[in-house]
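Take a look at this single chain in structure tokens; it is the form predicted on its own.
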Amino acid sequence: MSSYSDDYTPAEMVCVSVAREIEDGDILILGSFTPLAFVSYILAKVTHAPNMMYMAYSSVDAKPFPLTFATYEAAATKGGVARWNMTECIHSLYLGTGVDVEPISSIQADGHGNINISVVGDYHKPMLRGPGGAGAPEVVKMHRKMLGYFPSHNKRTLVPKVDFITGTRWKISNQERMKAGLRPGPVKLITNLAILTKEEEARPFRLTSVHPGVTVKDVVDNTGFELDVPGDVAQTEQPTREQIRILREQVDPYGMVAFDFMPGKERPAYLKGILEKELQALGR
């Protein structure tokens, strides 16, 4: 029997793919709370990367715990090996050792590796205003690997040119980055359809793999910028049965990774249902 699972959701596929980008020994940081990113950290830590270290809120390298909406920050703080304030974190990580990966969910990305978490349309009268980048404009260029994930791969999200550059992968080539004192590494976009990789500014994103059931044409037709399409595109590795079991039973028992993949109108009711389950589990 194959070790790979046929029972997984698009959100779980993206989550597992993000987790696989985390290597044992990596240093990570969680910025604005995004459930899928946090779940991917914990999944990686309890499977293939037990020696990765992550910073979440004021907590350093919290022990793995089931992710919840109501108690995640308290659990991270209680289970951490230490606590840092923001200044200590920045000095120790970004100005010191260096952060390897931080998955970022954006409104848009373009073929240059720019991301937009700020506005769609005119800045002063936008069609959509996002949460903004917080520290993203500074830190995405400093990560060894820039990683973005998108629940909906289409020409509205992967666009020829973002409406606003919240952050960018400055000096993409390995030679330029090392000369500037930055660590070399690619830009990767993980979507509900495929994985795209960019390693040089002068070259387009390469279609690294398509997810099971997705064709190369599906990806090309839904991407708003040029792609480098190899003659033989690989299929993305499916989640294993064990990864799905761990996700659903240990790491994400409330199905929080689905939150990123839901339309805004459906989120309040879904969130309410999760909170009710959490309170029941706490005996309240």
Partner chain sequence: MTTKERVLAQNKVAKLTDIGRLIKDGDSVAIGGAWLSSHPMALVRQLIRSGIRNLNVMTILGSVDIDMLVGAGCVDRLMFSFVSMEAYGLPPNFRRAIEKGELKYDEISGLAIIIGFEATGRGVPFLPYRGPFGSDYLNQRPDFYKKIVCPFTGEEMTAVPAIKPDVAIIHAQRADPAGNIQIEGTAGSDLELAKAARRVIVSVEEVVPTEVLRENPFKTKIPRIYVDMVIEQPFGAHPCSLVPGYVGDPWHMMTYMDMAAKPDTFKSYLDQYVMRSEDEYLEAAGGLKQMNLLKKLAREVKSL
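Residue numbers count along the first chain shown, from 1. Quantities reported herein were computed from a predicted structural model and do not represent experimental measurements.
The same protein has a further form, the form predicted together with the partner chain, not shown here; the description that follows concerns it.
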- With a 4.5 Å heavy atom cut-off, would you call residue 92 a contact of the partner chain in the predicted bound form? yes
- Message: Is residue 265 part of the interface with the partner chain in the predicted bound form - any heavy atom within 4.5 Å?
- Response: no
- Heavy atoms within 4.5 Å of the partner chain in the predicted bound form: does residue 208 have any? no
- Can any non-hydrogen atom of residue 131 be found within 4.5 angstroms of the partner chain in the predicted bound form? yes
- Task: With the partner chain left out here, work out from 211-219, 63-71, 237-245, 224-232 which stretch has heavy atoms within 4.5 Å of it in the predicted bound form.
- Result: 63-71
- Answer key, the partner chain contact in the predicted bound form at 4.5 Å (heavy atoms) among 204, 79, 160, 184: the residue is 79
- Task: Could you list the residues in 101-133 that come within 4.5 Å of the partner chain in the predicted bound form, counting only heavy atoms and keeping sequence order?
- Result: 118, 119, 123, 124, 125, 126, 127, 128, 129, 130, 131, 132, 133
